[in-house]
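Take a look at the structure tokens below, where one protein chain is shown in two forms, each on its own, as structure 1 and structure 2.
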Structure 1
């Protein structure tokens, strides 16, 4: 009797494990990926392939002519390409680095016990919600060297304000400062989410050991908020490398070509009617962003796993 019961139990376990294997290999769950795959294919893969094709043509609205890699050869012979590439890298590194530092600092402040914490969080995040073009036009007026509110305020304390957007050495940095002001709210929000997800047991244990605020930041917040740091770095770099609308609204790449980035060079080619050439430029920009972001993302995520 006991032997029969054991055999039945074994058969039951084997049947259950077999059923589990069948369920594990069932294609049913894969169908849930289909809607997302269709949307991704229609909105990203298909336009990307079409863009690659049209970058090899001389096209207009009504016709196109295949010319091979001539557009790429012409694009790389663009006189301002090297300087615009350098401006793009400087702009992306400056804005992303500042957003990481300021976002982390503001997040630490806004997760501490301060008066009006909820209101201050709303104030910090508000610029993210404002139109980029609207921000650009507003700061263009504020940074006017003669009638702008910023220089007028500096005059009241005896400081002669510079030509924020008219000085070739300051134009790109001035736009970057506006970009930082507008985008730091999102970085702060990401950091707040990362900090509040840290278990309080770590802070309680550190308090028992006599750790101070700096020790908590260095040994708890900084390492455990690393996923948030990686997210902010990647998103900020992508936005900085692709930045166009704020720069175009404030300087249009000027004065001269001192604030031109790759995206503004591409847009100028499109304005001139060189549609195939501008499409090739967009493909180059896509490859540049991919070549920078993918290795960096893998490097940062690998370091995170090793920790």
Structure 2
């Protein structure tokens, strides 16, 4: 059909040269890449590449001087800096693990036969759209050790709540909890999209075979929602490793350096005028992110679904 109309309209125009030109020139032009390529190249690729050079310099507002690997030596020797690397990893693994588990659980709940499904979906998802800084400052107040709502409520049932953000061993985890609160809605939505795309026939067949709820979950939902799991893990790991806003709003890396992550170290060193050290932190973050995400996504995407 399409080809005949194409031929006829070409012939009615009666211009062999025009038809020839059409064949010679593709209607798709590389010029379309240009605006995006310029902006992306100048403001993303160039900085990413020159970061490797500047991380090897002592760099201030005025000039930069090549000093080899000194910035990296500083980064890996200073306890306050190297600890940020571990905090980043703990934070990312904690948040993305919790988002996978809670997101899957909530998604199964919100695709089952319960009342108020629409309300529950909206209320779980809405925090995703709220300003991270707003959420951070709100929870800073709620987590106030003496007067905060959380510890007041715990008092009512006879538990003395901890100093969520003031206890050095707890601050990072408290911020991670708020991150999970804010981000679990996205994981849930991704899982819901994955679960509703599973053909109902599988569940019907399973019912005929006498499968229970656990069998359904273990042998149908879990394997077939795998693309959703991959998406949630990758997205929340990327987000978690780069996380800055929430930590800055809630603790500014404190108490001490106990909740500093690489992204907050980058900002602190930048503010202090140590541009080279800040950039070295950036390169470390780059290497950490790519060293984790690339092999992981290759591994997760390689295994196809096995029922």
Partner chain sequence: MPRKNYALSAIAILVSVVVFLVPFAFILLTAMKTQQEASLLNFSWPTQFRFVQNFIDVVQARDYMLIIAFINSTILTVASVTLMVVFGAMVAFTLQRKRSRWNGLINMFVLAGLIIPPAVVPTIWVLQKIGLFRTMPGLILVEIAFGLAFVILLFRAFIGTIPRELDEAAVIDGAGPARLFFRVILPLLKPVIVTSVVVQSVMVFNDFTNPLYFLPGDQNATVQLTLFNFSSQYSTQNNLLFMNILLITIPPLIMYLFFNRQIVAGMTAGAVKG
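The model shown is predicted, which means the values in this text are computed figures rather than measured ones. Rigid core: the largest C-alpha set superposing within 1.5 Å between the two forms. Positions refer to the first chain, counted from 1.
**Q** May I ask which of the two structures is the form predicted on its own?
**A** The chain shown first - structure 1 - is the form that fits the description.
**Q** Could you tell me whether the Cα atom of residue 56 shifts by at least 2 Å between structure 1 and structure 2 after core superposition?
**A** It does shift by 2 Å or more.
**Q** Quick check: residue 69 between structure 1 and structure 2 - does its CA shift reach 2 Å or more after fitting the rigid core?
**A** Result for residue 69: yes, a 2 Å-plus shift.
**Q** Would you say residue 41 moves its Cα by 2 Å or more between structure 1 and structure 2, aligning on the core?
**A** Comparing the forms between structure 1 and structure 2, which are aligned on their rigid core, residue 41 does shift its C-alpha by 2 Å or more.
**Q** Once both forms are fitted on the core, what is the Cα shift for residue 274 between structure 1 and structure 2 in Å?
**A** That residue's C-alpha is offset by 2.7 Å.
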